[in-house]
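The form predicted on its own is given below as one chain in structure tokens.
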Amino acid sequence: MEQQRTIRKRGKLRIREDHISGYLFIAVAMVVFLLFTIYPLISAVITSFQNYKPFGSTWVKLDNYETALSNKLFWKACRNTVIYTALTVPLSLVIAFIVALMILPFRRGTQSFFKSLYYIPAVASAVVTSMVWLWIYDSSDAGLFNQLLTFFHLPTQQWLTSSKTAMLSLVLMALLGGNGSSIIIYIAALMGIDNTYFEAAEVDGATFWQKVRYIVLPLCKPTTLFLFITGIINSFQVFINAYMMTGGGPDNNTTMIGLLIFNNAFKYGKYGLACAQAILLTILIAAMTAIQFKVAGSDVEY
């Protein structure tokens, strides 16, 4: 009996040693996660209840949240963000899916070339990309789009300074330059579909579009749901595009929630209000993500 107890104790000790070695492997990642994710989140929640100052912050309870919810600019920024998201996310998925279907029939080497080509904007700095688009949208005759309009004898546009075209310009920028990762993910999903489905469909005389509708789309639904949810999350946090391209103008028509939070924190020094708006944005994104999983993910199998 004593020998069996000793063996059990040794077994437990070995299991604990294995656990310790496992924890050591993930320790660095956990420390980084705690320092740069959990701690800033907790700090933001605390600051949202304060009139923050480097020395001598005072508690204001829910005043920052009341100010945020009663601010017309906050609701306008929410509306702008919703419009931007509603236009960019579905259209981006459609474009990425179509491009992936077009790339798939090529050989591996050609596929790699096109995947690299489409992924270049994701590798490049967002600031550098914005500088390129600033040249494209230049309101003078030097701008690429205005040169095209002039070539077709059409009137030039003030792309980034007109309330009619500013939001459209940001949406077009996102559609033409931000689909590289989605294309690669869609190609991976398409390559994971078993060829026996397509062979059976060919035996039944199915057309190309019938294969896409009844085979490809259902089997790619988990990928589409993932890209849809992450796309909405990223769109609600968009900042660089609005900051670099328009600065939120004209007349705050392109002011997104992320840009508003940045301005309140680093331009006006209202850190408490900025943290309150950031917490509200976090709650909104979490609620929308839960609803999307509940509605669209009920029949999705991974």
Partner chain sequence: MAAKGLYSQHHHNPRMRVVRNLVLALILLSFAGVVLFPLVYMVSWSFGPNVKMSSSLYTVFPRKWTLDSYKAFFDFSPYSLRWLLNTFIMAAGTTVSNVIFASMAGYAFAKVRFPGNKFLFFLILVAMMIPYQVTQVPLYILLVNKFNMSNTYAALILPGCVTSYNIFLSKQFFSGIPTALIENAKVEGANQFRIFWSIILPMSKTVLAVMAINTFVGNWNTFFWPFLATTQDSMYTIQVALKTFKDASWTLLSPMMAGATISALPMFILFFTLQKYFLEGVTVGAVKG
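Positions refer to the first chain, counted from 1. All of these numbers come straight from a predicted model, not from anything done at the bench. Between two forms, the rigid core is defined as the largest C-alpha subset superposing within 1.5 Å.
This next part talks about the form predicted in complex with its partner chain, which is not shown.
For a residue to qualify, one of its non-hydrogen atoms must sit within 4.5 Å of its partner chain in the predicted complex; none of 61, 171 and 204 qualifies. Checking 73, 134, 91, 225 for any heavy atom within 4.5 Å of its partner chain in the predicted complex turns up a single hit: 134. Here is the short version: of 184, 78, 87, 232, the single residue with a heavy atom within 4.5 Å of its partner chain in the predicted complex is 184. Of the heavy atoms in residue 198, some are within 4.5 Å of its partner chain in the predicted complex. Taking the partner from elsewhere, residue 24 is found to have a heavy atom lying within 4.5 Å of its partner chain in the predicted complex. None of the heavy atoms of residue 288 is located within 4.5 Å of its partner chain in the predicted complex. Put simply, residue 36 is close to its partner chain in the predicted complex: some heavy atom of it is within 4.5 Å. Taking a 4.5 Å heavy atom cutoff to its partner chain in the predicted complex, the contacting residues in 144-170 are 144, 147. Superposition on the rigid core between this form and the one not shown places the CA atom of residue 31 2 Å or more away from its counterpart.
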